[in-house]
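In the block that follows, a single chain appears as structure tokens, in the form predicted on its own.
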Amino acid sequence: MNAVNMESINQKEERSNMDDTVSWVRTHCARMDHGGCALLVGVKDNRIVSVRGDPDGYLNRGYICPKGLASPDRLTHPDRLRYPLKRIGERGKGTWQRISWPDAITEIADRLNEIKEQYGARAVAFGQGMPKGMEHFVLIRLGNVFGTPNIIGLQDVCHAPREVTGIHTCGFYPVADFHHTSKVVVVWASNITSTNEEGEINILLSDQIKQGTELIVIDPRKIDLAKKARYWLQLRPGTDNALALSFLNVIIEEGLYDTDFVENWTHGFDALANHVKQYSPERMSEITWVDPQLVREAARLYATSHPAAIQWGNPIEHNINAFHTTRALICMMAICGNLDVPGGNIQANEPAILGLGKFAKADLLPSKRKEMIHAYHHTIPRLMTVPPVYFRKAVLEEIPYPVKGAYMQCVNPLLGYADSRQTYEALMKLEFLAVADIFMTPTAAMADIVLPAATHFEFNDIGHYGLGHGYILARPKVVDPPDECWPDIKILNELGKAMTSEEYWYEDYNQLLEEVLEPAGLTFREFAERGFLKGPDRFKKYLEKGFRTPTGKVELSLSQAEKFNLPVLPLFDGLPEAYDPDYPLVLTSSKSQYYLHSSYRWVQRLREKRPNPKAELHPDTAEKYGIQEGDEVVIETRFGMITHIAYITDIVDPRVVNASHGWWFPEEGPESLFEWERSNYNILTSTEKVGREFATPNLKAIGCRIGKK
């Protein structure tokens, strides 16, 4: 939905709710997405009566999405968790008794400390989904103070491949700069008109397009931005690295690169130039399904347009070749002179706030890098959260050591981790599991203790801390939560006091926020009045100190590849999964603009917009298999089978099936774990093959077959 339509809706809401008793609070969205949109929230009698986009918002300029409009519905939902629960029956059978907060905190602290005493601190893991605010870093702090190196995260399939590969290649995480004009933007696997890509909200790009910025869209689906693009490259899912190497082939072979930058600021250009000769668009077209001439024209446009930005989305991190794709794209940014320039891909400068290491008390666990579960498996250095595949291996096989207990927040692993049945087995084997959430999810329904969390309108928080985009966002409290719903950061602060030395925690959890802001000389109240805090605009910093790599240059060829057992140059050495004639179609997935991963199927206003999981099928494919619009269809891979509802559309290739991510059915109840297997995309995925660098499994580009149920 575009900003004009949203403005019309907001004006109607405002007119219907404006009276003398409504007060308006400026804050930012959070759990409904990464939380970049500035909001004006109307409050009356401790209830939210209206939400609209703040026209002064740094990232959204008044835009608001359907999730933001529906966000207050979570606060008053009749099925919201409202008090702590303790399991009294078999795990996963949905039988509970109400307990008090002191009893819940004591139970969790005692059980996890018992595991620590018997097996050591590293036998306890703390789990987090997509970071939504300060809670992720308070969780890391708790882990460090407790003594466990094991924070489980989904960063292997979101953010880490881009961030960590950037650090190894150019010394920083290159983010697209939409606050300065680009002549060309390459939107690579980033559907930002539908889902928010870590603060890269579509309105900033839409404004540029209106002013003449040209688009190159690279996506297996004909997303909305493809209709505005000069070039749309509809690649085969899972071949991003092959396509990026084809771009490099054209740029180098045709001499379109920035000669001065290459000569002075890159390491290994000759090796890269020789290497990419084998990846011509003509040779790769059979792999990528993209017309070679289209590749050449798009590569020329990007290379000859200055500045140009690549807005990359996390789907490039959804298969075993994530490292190679990311490496190739950073090489493109570099040789075309688009690194750390206004309107290119920049190294964001953080404001004067407390660094992550100090906040998380990293000095208390100096051996962490060597003790984390994945260190045993020799993943890439600087990967600071445990990939789920190796967490489950430690639980199920006790490799490299046993993990017996876990505390999880803001995450639903039974839906979110690849190979959901393996996740089920791991959760069943844990000696103790505690989960904090705002709603009973399939994962929470397997816990021993379930804690009711507050929503983001109900406590003070800081958004975008630690995400590498160069700013933090104020999320002041808007209304009071129900009496027994606690913010995650309060829960962690209380657990910290119960499980560890109280010297690292506070009487009032809000002091954790003040700690972050202290170097800026601001209180949280002063920060909230400003709305956001941004680092200074400084570009081409490499001219002063070089790049923060071993060579001081962008490492097109990795100088420490042998030391870390990494490939020297980005590669394409085969599809993520070999073709199997028994599963002739290529399976991929996408997220919905109405949900965030597996969240909010229980918000009626959103569920009405997308009531069922849909499988996008090309008309030719539907006809071939005798499927009509609205039919229930079976999608099957070598690993499992689920059902979806057929949606026939030409936005996908006839050889591709696009399924929906994150589906479960809150209406079915906890006794069945909310029918977690019926339409759950991760029933179709596997961890039998993962990328060595990040342990990323193949979430997409999987062979499948379909049929009418």
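Note that residue numbering begins at 1 and tracks the sequence as displayed. These numbers come from a predicted model, not from an experiment.
Quick note: we don't show the form predicted together with a small molecule, though the next part is all about it.
Engineer: Determine which one of 497 to 505, 620 to 628, 279 to 287, 124 to 132 lies within 4.5 Å of the small molecule in the predicted complex, judging by heavy atom distances; exactly one does.
Structural biologist: That would be stretch 124 to 132.
Engineer: Select from the listed residues 160, 556, 453, 462 the one whose heavy atoms reach within 4.5 Å of the small molecule in the predicted complex.
Structural biologist: Selected option: 453.
Engineer: With the small molecule left out of view, choose which of 331, 176, 438, 322 has a non-hydrogen atom within 4.5 angstroms of it in the predicted complex.
Structural biologist: Filtering the options by heavy-atom distance leaves 438.
Engineer: Taking the small molecule as it sits in the predicted complex, is residue 111 near enough to touch it, meaning that at least one heavy atom pair lies within 4.5 angstroms?
Structural biologist: Answer no; every heavy atom of residue 111 is more than 4.5 Å from the small molecule in the predicted complex.
Engineer: Taking any heavy atom pair closer than or equal to 4.5 Å as contact, tell me whether residue 220 reaches the small molecule in the predicted complex.
Structural biologist: Although the small molecule is absent here, residue 220 would touch it in the predicted complex, with heavy atoms inside 4.5 Å.
Engineer: Find out whether any non-hydrogen atom of residue 143 is located within 4.5 angstroms of the small molecule in the predicted complex, and reply yes or no.
Structural biologist: Result no; residue 143 lies far from the small molecule in the predicted complex.
Engineer: Is residue 33 close enough to touch the small molecule in the predicted complex, meaning at least one heavy atom pair within 4.5 Å?
Structural biologist: Residue 33 belongs to the contact set for the small molecule.
Engineer: Tell me whether 166, 338 and 340, taken together, all sit within 4.5 Å of the small molecule in the predicted complex, counting heavy atoms only.
Structural biologist: Not one of the three qualifies.
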